[in-house]
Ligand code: HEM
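Next up: a single chain in structure tokens, the form predicted on its own.
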């Protein structure tokens, strides 16, 4: 018997709906901690960014994900975050354990969910760039990882979500995409709690 319920055709829109509350919690935690009031606060935010992007670095090098998401390697921001840390005279934080993903051990649907969260954060970067400009940081010093893509953040996001929506998965794989996005937001929240909160 087939279900008569119609599913939202856009995977990206389904993920947005599924993660709305946790996403809002992450945004609120970052802003309420005055992460952009001064360089010390921004430094704590940068540590969170480093640890999260270290966790997912292997996703950007995964051939199966690259096949689904054109231009994926160029989207990775870990090297830019490392440059930002150097700009500010900061050492990279010591990881608490191994990265969340390792080459050759990546579940593709789960990885798509984590990438949805990582790439979606670029859309909020425009607001953050205005905040860090007030403390003397820019696209070329200290806030390189917040710089927009050449085509602009909206177009950059649309190209990602179009590829995400077009990725052909078995219906049984879909829950793992959502679980991956939820786990990614939970990881960011845990990092915020440990390094900012």
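Quick caveat, the model's predicted, so the values are computed rather than measured. Numbering follows the first chain given and starts at 1.
Missing here is the form predicted in complex with ligand HEM; even so, the following discussion is about that form.
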{"query": "Listed residue that, although ligand HEM is not shown, lies within 4.5 Å of it in the predicted bound form (heavy atoms), from 102, 79, 127, 86", "finding": "127"}
{"query": "Candidate from 59, 51, 26, 143 lying within 4.5 Å of ligand HEM in the predicted bound form - any heavy atom", "finding": "26"}
{"query": "Residue 123, heavy atom within 4.5 angstroms of ligand HEM in the predicted bound form", "finding": "yes"}
{"query": "Contact flag, residue 112 vs ligand HEM in the predicted bound form, heavy atom cut 4.5 Å", "finding": "no"}
{"query": "Residue 176, heavy atom within 4.5 angstroms of ligand HEM in the predicted bound form", "finding": "no"}
{"query": "4.5 angstroms heavy atom contact with ligand HEM in the predicted bound form for residue 37", "finding": "no"}
{"query": "One stretch from 167-175, 65-73, 28-36, 144-152 that, in the predicted bound form, holds residues within 4.5 Å of ligand HEM by heavy atom", "finding": "28-36"}
{"query": "Ligand HEM in the predicted bound form - contacting residues of 163-190, heavy atom within 4.5 Å", "finding": "185, 188"}
